[in-house]
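Next up: a single chain in structure tokens, the form predicted alone.
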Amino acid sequence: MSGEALLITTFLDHARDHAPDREIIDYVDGVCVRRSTYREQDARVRRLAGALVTLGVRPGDRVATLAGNHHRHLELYLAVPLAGAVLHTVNLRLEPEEIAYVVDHAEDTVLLLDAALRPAAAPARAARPGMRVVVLDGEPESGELAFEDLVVGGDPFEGPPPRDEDDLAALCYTSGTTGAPKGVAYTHKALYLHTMAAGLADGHAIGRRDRVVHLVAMFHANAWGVPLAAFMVGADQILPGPQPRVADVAAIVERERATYLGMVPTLAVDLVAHARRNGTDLTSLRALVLGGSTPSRELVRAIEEDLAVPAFQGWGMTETSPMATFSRPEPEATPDERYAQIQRQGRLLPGLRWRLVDEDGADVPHDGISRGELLLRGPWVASAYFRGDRPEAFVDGWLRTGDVATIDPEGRLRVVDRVKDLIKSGGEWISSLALEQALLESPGVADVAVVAVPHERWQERPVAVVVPDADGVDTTKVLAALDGRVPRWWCPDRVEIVDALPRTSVGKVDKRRLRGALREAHLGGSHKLGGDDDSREHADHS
């Protein structure tokens, strides 16, 4: 064997040589603004890598991006590692002070940002005055460089990058829901193997004939690993631009005859409603992959029956690069069995190992009933956080996911809840996730979160925070619909109605904020349960 290093930059060579005329397509506000080929992108990426080296970027330096989903950001996915540096995709939904924290913690030497995000980057720039700043679009301001000038003026980078497969290629920070954001660093080898697994028939199964829409934010956990998978096989890549509306996404899929789309269930609900209302043809999709939270049974049914699109679910974490499992139903399954299988988080991707452990660290049987905290390890699973933060999240090389789950005898994962979101009432556990799934089937409920509030007798009791659908909701009927579907003592003590649920920077329900607001209300203080605005309007929360 040649012993050639596993470097993600080799995907660039493969796309250029074997899919030179496949397309990279940019949209802004639903309008196509640019089409290019892999041959053209290869030349741009190599000049950009050369320009970064000329700018002073050295092997191992961290280079940050603060940008939306467009071709320039996609070019940086490979140009930064090609220059031997580490791509740090900064979460543009973080608060400016949090952005400053992660940029300083990473010691980024260069920041490439969309012009509209200058205000969000201001504290980071003040914290690191020596950091070079490149504006990706528009005219540069004082002290900034123009991205296109770098591309046009750069000497093409030739030869292999001065890196080893165990050197870092990328860096991503968690959204910080349990404290300061934590950095997860990915090696070339980890991302290479993750990409190969994502391309498997039992994974995303992305192939050369696919036309992939990158709706998942490119700052978030390598955009689920889909851009690298598309590079690896030479699939067409479609970028919907900043803050695309659900109507824009539907129109792009129909117009471009896209075959693959990933999104969070909240947006999928809106996509289904839009397609029904407007008769949008989405049948070119061979896969609508859901991630971020467990979809309701009705959502899975609607995607498969009303849209005639195959639905799947992927599960993972920033710490797992991010894909760890994939839910692909058995071919002989009946429709009801298929929907139930898709609702589970699926089987472990080859190359990874898992355990379920109880509170004492003892293994729990994989019988589909016994619950335990899920532990993971493998070549693309983090074994430590960047700079050694939060060492208690790892034990003997295993990542403690913080998810409570079951694994059935056939190897299917079902996430029951987050450890921190379980509700202990009268000494017994209530799964907020299972209760939310039941409530989503109740009449008038468009979205819901269940959180614990203190109780003098029972220690904690569940409260449901509900977003009503367009026809409104009757809380009495919501609770009545739970009868016989969950244990009687699980039923929420009350239902709060809000216009929108508060969400984290990556679109997950911010239960910490909800718990705080409900506890303030319990103590008689002022509170705000809902989000600051209707976060379901835009598709950028993937």
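For every residue, the number given is its place in the sequence shown, counted from 1. Since this is a predicted model, take the numbers as computed values, not measurements.
Same protein, other form: the form predicted together with a further copy of the same chain, not shown, and the subject of what follows.
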Q) Which residue, Glu254, Glu373, Glu165, Asp248, has a heavy atom that falls within 4.5 Å of a further copy of the same chain in the predicted bound form? A) Glu165
Q: Check each of Ala205, Leu150, Leu117, Ala446 and return the one that places a heavy atom within 4.5 angstroms of a further copy of the same chain in the predicted bound form.
A: Ala205
Q: Using a 4.5 Å heavy atom cut-off, indicate which stretch of 188-196, 357-365, 105-113, 142-150 touches a further copy of the same chain in the predicted bound form.
A: 188-196
Q) Quick one: is Leu82 in contact with a further copy of the same chain in the predicted bound form, heavy atoms, 4.5 Å cut-off? A) no
Q.
Does any part of Pro265 reach within 4.5 Å of a further copy of the same chain in the predicted bound form? Heavy atoms only, please.
A. no
Q: May I ask you to check whether Arg418 falls inside a 4.5 Å heavy atom distance of a further copy of the same chain in the predicted bound form?
A: no
Q. With the cut-off set at 4.5 Å between non-hydrogen atoms, does Val395 touch a further copy of the same chain in the predicted bound form?
A. no
Q. What residues of 242-256, in sequence order, lie within 4.5 Å of a further copy of the same chain in the predicted bound form by heavy atom?
A. none
